[in-house]
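A single chain, nothing else alongside it, follows as structure tokens in the form predicted on its own.
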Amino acid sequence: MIRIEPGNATLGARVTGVDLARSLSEADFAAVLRALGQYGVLCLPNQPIEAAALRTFSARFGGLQAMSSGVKDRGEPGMPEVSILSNIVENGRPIGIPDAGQDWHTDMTYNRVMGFVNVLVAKKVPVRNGKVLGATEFTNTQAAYDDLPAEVKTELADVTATHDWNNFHEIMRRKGSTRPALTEAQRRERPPVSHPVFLTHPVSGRKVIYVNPGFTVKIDGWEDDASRDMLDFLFSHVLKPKYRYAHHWTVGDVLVWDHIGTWHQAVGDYTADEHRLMKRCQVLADKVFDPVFLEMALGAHAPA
């Protein structure tokens, strides 16, 4: 029987009583989806699944994003939807993306169809002197919206902002990443897009702040200084300690997190000789905003 145990932080719950190597029942998937909307980050421990099972489970939430052209060689062979995040080098070549996500962001806000879920399975976790390294940190944009001043909620109620894939890429390069600059062809592959600054979460029904430091570059229609000031205010607000939670990995953890209601960052506190290996699927929000999908997935628990 599935069990969902909330943590003590603003985000996070532990899910046991399921086997991701086998297909989840409709009732168990509904429970996972409801918990995702409520707790934002779900850990399913002791699930050392391989790429095919990871892909199958992830696809229950929506369509899967294939890897971009610049990193297609850093994924599971024959499975473009499964990327490898790792600092391991074999035969002089990185087997995965070594520095993915090492600053605050929300995946796939740079897409016309935004992201919904990330699903990662931990294969290798760095440990030094008994301390687990390479945590993933999260912050809660639903709770942060609730605490915004009323005048800010009103001012931004119908406003959109531009998100640019290249912005986060350049943040990583400024921090010392060896990744090359995006080519013009790569930038055309994922051009800047606009999304509302505030969204209603399709599962929880709560409002969220849908801008992030990694990809959001401008509030549409605002003067540059005013835009920068407001974005800086929102970024600082969402990153207050009271909204944050860190997951410290164990090999075999499957972590599922909601992009609409959270930001995250990977903590790069380990060396090249301390190996970290994750396999990842990125799920698009191509289904979750569809009332028919939600009614089928959640039944009586679907938002009105």
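All values reported here derive from a predicted model rather than from experimental measurement. Residue positions are given as counts along the sequence shown, with the first one as 1.
Unshown form predicted in complex with succinic acid; subsequent notes refer to it.
Contact annotation for Leu120: at least one heavy atom lies within 4.5 Å of succinic acid in the predicted bound form.
Proximity of Asp107 to succinic acid in the predicted bound form falls within the 4.5 Å heavy atom cutoff. Using a 4.5 Å cutoff between non-hydrogen atoms, Ala246 does not count as a contact of succinic acid in the predicted bound form. Taking the partner from the other structure, succinic acid in the predicted bound form has a heavy atom within 4.5 Å of a heavy atom of Gly101. For the options Leu85, Met114, Leu231, Ala144, the one in contact with succinic acid in the predicted bound form, meaning a heavy atom within 4.5 Å, is Leu85. The partner is absent here, but in the predicted bound form a heavy atom of Ala266, alone among Ala53, Val251, Leu239, Ala266, sits within 4.5 Å of succinic acid. Checking 57-65, 275-283, 22-30, 38-46 against succinic acid in the predicted bound form, the stretch whose residues place heavy atoms within 4.5 Å of it is 275-283. In this stretch, 165-204, not one residue has a heavy atom within 4.5 Å of succinic acid in the predicted bound form; the partner itself is omitted from this view.
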